[in-house]
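Here we start with a single chain on its own, the form predicted on its own, put down as structure tokens.
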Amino acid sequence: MTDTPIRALLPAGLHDTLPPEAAHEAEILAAVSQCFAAHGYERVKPPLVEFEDTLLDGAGGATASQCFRVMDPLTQKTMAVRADMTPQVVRIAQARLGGEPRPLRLSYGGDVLRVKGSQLRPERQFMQAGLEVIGSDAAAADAEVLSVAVEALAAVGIRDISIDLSLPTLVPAILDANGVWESRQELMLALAHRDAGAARTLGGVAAPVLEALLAAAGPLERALAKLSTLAMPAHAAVERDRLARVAALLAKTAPGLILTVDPVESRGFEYYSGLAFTLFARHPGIELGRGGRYMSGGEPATGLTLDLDAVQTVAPARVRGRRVYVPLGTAASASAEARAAGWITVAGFETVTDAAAEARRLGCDHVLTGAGIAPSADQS
């Protein structure tokens, strides 16, 4: 009896990534990162683990319940494993790059670990890639983040994309302006569930506006038309107008992009200070990433994070490279020439009587011979 099955058991939500998926994931990260870099976003690489009080400061506090904690044996201080990379980028922008010219364009990519997954997504470890613009309050910054993300997804073969725009600060501003304080948490939950009846009952004097916001959700043009007729507090009107400007800019940089609006959506956007957005693959309707506007140590900022696990499930399958078996004793220069021509070479370690059969056993569809590269398939 062997204990291999026991040693191979992994905690719930964690898994090994095997060939060819691991290579596909690496290729996706490389392609996305290259697209970010081409638009002037400079790569940063924060550590996987930080001191808890640093990692969870400011915007990082929103991830506190999702972070694993460990004790640093050197300092005896509690450390936390990152559950999201954006707060780390914010720290770097403030503490390490505070003297750099603004706006600051940064990108990143790496694994995150969370205490628990969700019902729809049980994975606890997955890879993120994202980009942030720090130090600009311009609508053009929001539009650039979105258009670059769309371009990056197109680079890995995902083109049928929709973006849902939301204004998580809109409802709180309306409730504040109308003095609606009681049952606010219950009211926000009702709005999250699109319960117009509960909004009417709980909304008090703000109920008509809240019902109108619920009715405005949908395609961009219809939503903007309805939102433009509503009387709103000054702060809320500013965010509504920003949404319209960002949409107009996207129409120029990413024509044909499907845009929808949900004025009452706030779940998952707790620390955002303005316009927020979610990217979807329209078929099969998978969320690929999300982001929005926030404050970075007193500086206006906007950014977006892609979930590369989700991206990988939608991106076209990786095309397996041409593999050629190289029998033992073949000249090294011949192997080098094959690789230069785009082949993946798999060298043999022992002399075999049937090189073609050995090639097939090792997953190679060709064999490198003295006369060149020949198919390994049985021709009989």
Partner chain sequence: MAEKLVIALPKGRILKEAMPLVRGAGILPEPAFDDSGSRLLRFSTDQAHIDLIRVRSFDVATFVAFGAAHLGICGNDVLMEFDYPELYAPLDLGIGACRLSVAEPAGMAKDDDPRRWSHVRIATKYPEVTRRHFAARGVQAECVKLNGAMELAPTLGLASRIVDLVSTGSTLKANGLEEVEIIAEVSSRLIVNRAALKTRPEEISGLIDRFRAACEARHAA
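Residue numbers count along the first chain shown, from 1. Fair warning: this is a prediction, and the values are worked out from it, not measured in the lab.
The discussion below concerns the form predicted in complex with its partner chain, not included here.
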Would T260 count as a contact of its partner chain in the predicted complex, using a 4.5 angstroms cut-off between non-hydrogen atoms? yes
Please determine whether R267 contacts its partner chain in the predicted complex, using a 4.5 Å cut-off between heavy atoms. yes
Q119 near its partner chain in the predicted complex, any heavy atom under 4.5 Å? yes
Quick one: does A192 come within 4.5 Å of its partner chain in the predicted complex, counting heavy atoms only? yes
Of the options P73, P101, P284, P255, which one has a non-hydrogen atom that comes within 4.5 Å of its partner chain in the predicted complex? P284
Note which of D164, D309, D84, E151 lies within 4.5 Å of its partner chain in the predicted complex, where distance is taken over heavy atoms; exactly one does. D164
Can you say which of 76-84, 203-211, 286-294, 229-237 gets within 4.5 Å of its partner chain in the predicted complex, counting heavy atoms only? 286-294
